[in-house]
Each structure stands twice: as structure tokens, then as C-alpha cells.
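Shown next as C-alpha cells: one chain only, the form predicted alone.
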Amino acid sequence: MKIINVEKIPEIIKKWQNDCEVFVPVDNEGAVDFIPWSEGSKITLEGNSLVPPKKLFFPQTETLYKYETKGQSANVIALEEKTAQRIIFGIRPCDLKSLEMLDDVFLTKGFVDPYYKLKRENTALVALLCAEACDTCFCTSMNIDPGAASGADIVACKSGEQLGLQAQTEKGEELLNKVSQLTTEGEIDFKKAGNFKLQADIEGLAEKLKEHFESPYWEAACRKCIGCGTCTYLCPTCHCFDINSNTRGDHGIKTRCWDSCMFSEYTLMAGGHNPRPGKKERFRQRFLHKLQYFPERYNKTACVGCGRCLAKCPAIVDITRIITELREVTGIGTGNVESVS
């Protein structure tokens, strides 16, 4: 393992930035976000980012292609993708796991999204293991180990004023070789996060939910939700999007932007029909997608226990509580569901 003093992290970042763009978690006016490192950036190694790093692979707004029309003919102009080599420094195990789920969506089942694929291929991941759990974290309930980072090129762990760096791939070895003069060999005493305040038992839930699409539970559970979509925009696994055209004269562009299943317009059809007309249907869709539909299609629960939705929901809709109550509704728990009101 390579060891470096925490105060020297900017020197490592600066070395790496000679060859590629490096994104780091920075406190930006009270909200931690992954942004390109620049001289003087104050890297935050405590807690997690507010906005998940999925935005670096699946941008909130992205131009797909240009087009032009002449009479009855149209011509599509592909954009030259020039995504530079990048490094994401400080990605947490939960967000790392979320990228596996986005890979499932954008790279499998017979379709490959070229925009997402290029960004994934050109990005090295330096994961930061978790030594402390936030009050809203429950990643262990989602079978995620806060002290491991499968899929990262380099695993980093912090203990006191020391940071340990261990390469897991050839790409990771190359990155550490570039900064070998700044590091020393050794080991650090790292203890992963434990004693999570929140728990959620998902065992057997996906199968049981098939029988409860029309359960009266959904009417009760959705009452305090205000449909703002905050949960979906901050969720590292949510991937709903809309595609828009912006035409000026004979030329235009197609863009993709984030959307949300919590918005009434998301399923609104051209004739005015909406298969999810009310809050209950949209609320149900969000949770069934995460807890039933995604597991059925990809054999993974589409939640990584990061807790962002709970931390920032203005109505304090708690997904761990929803899971507990759904277990009771489906007969794989105990108690009642009166508390949802």
C-alpha cells in the first residue's frame, strides 16, 4: 500500500492533472459536489457529495446530435465525442455500486449508449472507503461493504492524517507510479464504518411485491409526498430522461436531460391520457421500480443506501421505513402499517 499525508493530496492531484482532468469532492457553498480540481480547491473527505457522481457519466443535460433540414430531406450530424481521460477521486462505495447499475441500464440487454460508454471507458475511479456512517446511510442493508470498493482502479482509506492508496487494476498501477515520489510504502490502521442507525431488510421483498400492485398501502404511503422529484435527482441510480428538439430555421440539436417519474408530465401522452394520473401511481412506480422491477430485470435492488433521498426530502419520506412497511404488507414482516398516515 502507498501512504501519503492528507495535506499532500493536492500534490498528487496536480501530478495526475498533467495528463487528465481530475474531479474531486468540494464543498461548494454548503453542498459537496464533484467538480474539476483547481489550485486552491478544498477537497472534502468527510461524508458524501450531495450530487452523486452519476452526472459525470449521465449529465443532467447533454447534446446528442445536430440535424439540418432541406425541403423534404433531413440530415443528422453526429457530434465528435472528445471526452478527455478523467479521474474521479473520492467516490464512495455506494456510488461506485450505483455505476454498476447504470452500466446495466446503458450497456446491456442488447443496447449500448455510446455517450455513456465513452465516458465510462475514459474514466479512472479512485474510491474512498468509509470510516464513519452518516445518520442517513444504510448501505450495508443493500449488501454494500463500506470497507471495500470492487470496480475501483484505486482504493483509498483515511486514518488520522494519513491516506492509504492501493491499486486494483493496471490503470490504477499506472496512476500510482506517476506519483511514486510523493508516497511511501506501508500500512495504515483503517476501521470501516459500523453501527449504522438505519436498517432495511430487502430479502424476499421483490418477489412478494408482485402481488401488491393494487394494495391500499400506496394510497396511505404517498400522502405526505409533495412530488417535487428531489429524491430522483439526488439518487445515484435513477436514470429517467427526456429528449428534446431545439430547432432554429433549418438547423437544430437533440438534447437529453434528466426527468423524473415523480412528475405528472413524465407519462403524459400526446392525446392527453396519463397512465399514472395521480400521486399514488407515481409514488408506487418509484418504489416498485427500485424494489421489484429492477431486481427482476437486472438481479439488483436499485438502491445503494446512500441516504440522499431521506436527507433532502422536504417531506422526510424515509425509504427504509417504506421497505419495513412493505414487508409487513406483503406478509414477510410483523406489525401494522397505520404509521404511514
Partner chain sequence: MAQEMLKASANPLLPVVCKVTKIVDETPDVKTFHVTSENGKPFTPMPGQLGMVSLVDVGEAMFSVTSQGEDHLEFAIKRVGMLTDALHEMEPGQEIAVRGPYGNGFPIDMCKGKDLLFIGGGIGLAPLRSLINYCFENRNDFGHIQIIYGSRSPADLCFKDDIFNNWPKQENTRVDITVDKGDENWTGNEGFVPQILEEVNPSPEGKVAVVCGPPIMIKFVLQSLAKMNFTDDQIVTTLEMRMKCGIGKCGRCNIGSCYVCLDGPVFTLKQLNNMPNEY
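In this text, rigid core is short for the largest set of C-alphas that superpose within 1.5 Å between two forms. Keep in mind it's a predicted model, so treat the numbers as computed, not measured. Residue numbers count along the first chain shown, from 1.
Here the subject shifts to the form predicted in complex with its partner chain, a form of this protein not shown in this document.
Its partner chain is not drawn, but in the model of the complex it has no heavy atom within 4.5 Å of residue 132.
At a distance threshold of 4.5 angstroms between non-hydrogen atoms, residue 74 is in contact with its partner chain in the model of the complex. Though the partner is left out of this view, residue 39 does not reach within 4.5 Å of its partner chain in the model of the complex, counting heavy atoms only. In the model of the complex, its partner chain stays beyond 4.5 Å of every heavy atom belonging to residue 30.
Using a 4.5 angstroms heavy atom cutoff to its partner chain in the model of the complex, all of 114, 254 and 297 count as contacting. Remark: of stretches 225-233, 198-206, 174-182, 116-124, the one touching its partner chain in the model of the complex is 116-124 (heavy atom within 4.5 Å). For the options 188, 220, 148, 79, the one in contact with its partner chain in the model of the complex, meaning a heavy atom within 4.5 Å, is 79. Residue-level contacts in the model of the complex: of 161, 265, 211, 170, one residue has a heavy atom within 4.5 Å of its partner chain, and it is 265.
Residues of 249-287 placing a heavy atom within 4.5 Å of its partner chain in the model of the complex, in sequence order: 254, 256, 259, 265, 266, 267, 268, 269, 270, 271, 273, 275, 276, 281, 284, 285. The Cα shift for residue 42 between this form and the one not shown, taken after rigid core superposition, is smaller than 2 angstroms. Once the cores line up, the CA of residue 73 ends up 2 angstroms or more apart between this form and the one not shown.
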